[in-house]
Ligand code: NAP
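Given next, in structure tokens, is a single chain: the form predicted on its own.
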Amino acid sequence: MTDIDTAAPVLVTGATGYVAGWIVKGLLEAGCTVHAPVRDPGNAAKLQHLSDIAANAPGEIRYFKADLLEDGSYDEAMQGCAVVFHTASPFTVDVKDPQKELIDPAVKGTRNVLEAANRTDSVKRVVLTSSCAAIYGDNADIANAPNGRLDESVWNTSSSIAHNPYFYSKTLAEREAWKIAEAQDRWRLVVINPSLVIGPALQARPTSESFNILRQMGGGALKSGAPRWGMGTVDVRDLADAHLAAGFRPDANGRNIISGHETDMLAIALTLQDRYGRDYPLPKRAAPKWLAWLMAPMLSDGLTRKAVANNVDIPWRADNSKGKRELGVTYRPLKTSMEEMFQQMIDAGQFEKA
């Protein structure tokens, strides 16, 4: 368990998000004052789950109005904060205009938050939620990584605005963060690079892309078979612990791959089979790669045949030893995370029984 310094307030951008909610919970339970910059501080319904946590915790939460794309809008919220967690960034695959919907919010948002840190003398550390997407673009890239396994020295060089624009946005945003951090010496940047985030959310109807993948599995879209699309996964609660360690452990540094399991889309679905397979149309077998390739453009605007060719039936491999060693991260079983996530979606009425 990381010792959390509660002497100064802590800023969390994107506080209403899936990952940020668990970070905020950990901070409040440790007794911190959390500054939460949000688009609309008057939207009590959207903030209710955070206010409820604060009501039952020794810490307190204060809301501020801010916008990722507005210069200087984080200055007020950052006053007096020693640690800044920048988690706010869009995660979606179906986009019409990647520059406007993904790249601008990711890059300009990161620049805005870090330039505010430059103007705020109290800030000693910034923790950026980046992604393994800034490390690789397609599973095919992993063959060129050291010993065929992703590590913190690797950067995504295969993504572009036309191919994997979400991955491209995360790469550009993290590079911008390092550029700003290296041009000053008052605060330290620590970067968290998670794989696909799974596990229960604190809000009743979460909107993260992870839940959309599960919705396809439990809703019957993949009933005839799921592709063996290799990926890493990490439970959102283990990821929140990694962030807290990155914020408060004295020796936390650099990039940190946070991923508990090397798996694939079918293997993820199969973890749910014992408990839910009788009642929900979960996939039981692998969809052949040729079929996934053929169907890709029809399944989703964001899914291309090139992506299928470069990811399906190619295992995902990453070295997570730095996070374990330096941040003390431990990982709960994949089955536990998936069952708790799926059950939450059932309870929220997001699936019909078969």
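What you are looking at is a predicted structure, and each value in this text was computed from that prediction instead of being measured. Residue positions are given as counts along the sequence shown, with the first one as 1.
Another form exists, predicted in complex with the named molecule; not displayed. Remarks below refer to it.
The three marked residues, Tyr136, Asn164 and Lys179, fail to reach the named molecule in the predicted complex, with no heavy atom of any inside 4.5 Å.
Residue contact check for Asp52: none of its heavy atoms lie within 4.5 Å of the named molecule in the predicted complex. Heavy atoms of Phe85 never reach within 4.5 Å of the named molecule in the predicted complex, leaving it off the interface. Although the partner is absent here, His261 sits far enough away that none of its heavy atoms falls within 4.5 Å of the named molecule in the predicted complex.
Residue contact with the named molecule in the predicted complex: Lys46 places a heavy atom within 4.5 Å of it. Comment: the named molecule is not present in this chain, but in the predicted complex one of Ser159, Thr271, Thr120, Ser208 has a heavy atom within 4.5 Å of it, namely Ser208. Note on the partner interface in the predicted complex: the residue among Ile103, Leu196, Leu222, Leu214 having a heavy atom within 4.5 angstroms of the named molecule is Leu196. The stretch that touches the named molecule in the predicted complex, counting heavy atoms within 4.5 Å, is 127-135, out of 183-191, 272-280, 247-255, 127-135.
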